[in-house]
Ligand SMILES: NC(=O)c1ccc[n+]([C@@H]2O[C@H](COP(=O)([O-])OP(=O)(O)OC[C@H]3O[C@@H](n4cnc5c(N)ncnc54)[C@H](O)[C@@H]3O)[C@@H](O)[C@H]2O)c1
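Take a look at this one chain, the form predicted on its own, written out in structure tokens.
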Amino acid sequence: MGRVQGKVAIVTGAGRGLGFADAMLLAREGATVIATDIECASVPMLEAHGIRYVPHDVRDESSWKELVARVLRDHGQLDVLVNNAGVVHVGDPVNFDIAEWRHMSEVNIEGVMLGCKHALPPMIERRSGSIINISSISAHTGLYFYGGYCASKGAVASYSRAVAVYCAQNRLGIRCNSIHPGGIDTPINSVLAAEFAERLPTMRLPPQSPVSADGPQMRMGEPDDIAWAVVYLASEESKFMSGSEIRIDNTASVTAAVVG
């Protein structure tokens, strides 16, 4: 308890799944947490744990300006930003839908860029802060049936390094790191599974592909497996860690086999 006591944190995409777990665990460890999402069915549960919910679209720069201004007005500081909001669509390099590609680019890449842009000034003023960008193991692997997602999360990882170097070389006292989850058991998986089943007949898959309908299933992690890493990066325990990538995937990104 108390690992992030006194810190003020924004967590995007906190209405469910990883973001919800991040917000809950940060609050449990002492942070004042502002949870954002486009919509949220979990507001009563968040509020029961002292977490404020703010409707927010990470693609909208004016929404970012209003959010950060509100946090500074209400709390006087911003110590932690967790850029968690993200979307995923199914599609291989031949049949990817351009509208879905752009949707992922807007949320996954531009949302992270805008978050960093507007969180940095108040952190610079205090000469301290931690930005945590949620990427994916797909940034390191060739999951071509999620090709656009791979591209967007690779951009998140690369941009995180750029922000980290900017902060380090200018001696701003701010850290930026990325977390790369493997398959995590969250509500989005049921939606994604349905989309995958619909697109599967149109995609080119090799014989005995691990993603075929009758292929072996990968063991899934739990949201708290990621949330504990978020707490670590938000806390002073990671004060010498910036520009790093934390993979949490039970070896899935370093083996050709499906990890059971």
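So that there is no doubt, residue numbering starts at 1 and follows the sequence shown. Here the structure is a predicted model, which is why all the values come from computation and not from measurement.
The same protein also exists as the form predicted in complex with the named molecule; that form is not shown, yet it is the one meant from here on.
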Heavy atoms, 4.5 Å, the named molecule in the predicted complex: which of 231-239, 66-74, 195-203, 34-42 makes the cut? Say which one. 34-42
Which residue among 189, 158, 128, 105 has a heavy atom within 4.5 angstroms of the named molecule in the predicted complex? 189
Exactly one of 162, 151, 172, 87 comes within 4.5 Å of the named molecule in the predicted complex through a heavy atom, and that residue is 87
I'd like to know whether residue 134 contacts the named molecule in the predicted complex, with contact meaning heavy atoms within 4.5 angstroms. yes
Spell out, yes or no, whether the shortest heavy atom distance between residue 58 and the named molecule in the predicted complex is within 4.5 Å. yes
Should residue 18 be counted as a contact of the named molecule in the predicted complex, where contact means heavy atoms within 4.5 Å? yes
Taking the named molecule as it sits in the predicted complex, is residue 120 near enough to touch it, meaning that at least one heavy atom pair lies within 4.5 angstroms? no
